[in-house]
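What follows is one chain in structure tokens, specifically the form predicted on its own.
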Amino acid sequence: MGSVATKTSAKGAAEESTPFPSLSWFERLSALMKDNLEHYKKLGYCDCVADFCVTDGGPKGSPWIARVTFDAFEVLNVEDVGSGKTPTPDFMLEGSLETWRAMIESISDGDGRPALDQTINYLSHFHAPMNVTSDDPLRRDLFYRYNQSLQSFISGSSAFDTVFS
């Protein structure tokens, strides 16, 4: 998962890079959501517990999962789910590191707007290369109800440099 590195931006200012997948990556997105409150208010509230899974992003290619608790227009909590027993999320969005990387790079290349074939909606529509799962069909539906807010959350990654390990 790597450490945080520093790079120099085109403007000559030092810019901190954030590794993906990592809690610090999702925490940066959470801070950006808080800083852009008016944008999220226009999209509408988002109340859900979402697991973001990189199916091969953990040690030795094991799954790595970040749980993000959204409440109205902010993130209440970001945690590493790990292998311990925890209450189930409303839904899990899962994909390989290669799929996540292509989407994040598309977001960066598009200055915060992914290519149409790199949105979380498109990537999960046919359950491949991303998949949305849940123990409850009504809770799974929250992914689709809050899709635009979730996409904006992930698209916030264009505001900083992401490094992949």
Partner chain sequence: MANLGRGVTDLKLTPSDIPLAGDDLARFETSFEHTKEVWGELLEENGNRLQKGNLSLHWMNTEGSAWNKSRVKPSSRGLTLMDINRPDVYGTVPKIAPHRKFASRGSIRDQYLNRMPDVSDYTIMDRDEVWADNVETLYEEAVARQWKATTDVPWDEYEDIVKLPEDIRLASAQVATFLTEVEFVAADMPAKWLYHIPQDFLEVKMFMVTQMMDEARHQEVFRKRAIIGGGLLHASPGFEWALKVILEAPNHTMGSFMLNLLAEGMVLTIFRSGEMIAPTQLDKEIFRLTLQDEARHVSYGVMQVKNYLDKHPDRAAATEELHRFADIAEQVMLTTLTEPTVIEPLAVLLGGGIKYAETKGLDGVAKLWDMLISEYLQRCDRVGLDRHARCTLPRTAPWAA
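Numbering follows the first chain given and starts at 1. Please read all numbers here as calculations on a predicted model, not as lab measurements.
Beyond what is shown, the protein has a form predicted together with the partner chain; the following relates to that form.
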Which one of these stretches, 97-105, 119-127, 52-60, 22-30, sits within 4.5 Å of the partner chain in the model of the complex when only heavy atoms are counted?
-> 119-127
Going by a heavy atom distance of 4.5 Å, is Leu43 a contact of the partner chain in the model of the complex?
-> yes
May I ask you to check whether Glu79 falls inside a 4.5 Å heavy atom distance of the partner chain in the model of the complex?
-> no
Does Asp136 make contact with the partner chain in the model of the complex, using a 4.5 Å heavy atom cut-off?
-> yes
Would you please decide whether Glu16 lies within 4.5 angstroms of the partner chain in the model of the complex, comparing each non-hydrogen atom pair?
-> no
Contact set, 136-163 vs the partner chain in the model of the complex - heavy atom within 4.5 angstroms = Asp136, Pro137, Leu138, Arg140, Asp141, Tyr144, Arg145, Tyr146, Asn147, Gln148, Ser149, Gln151
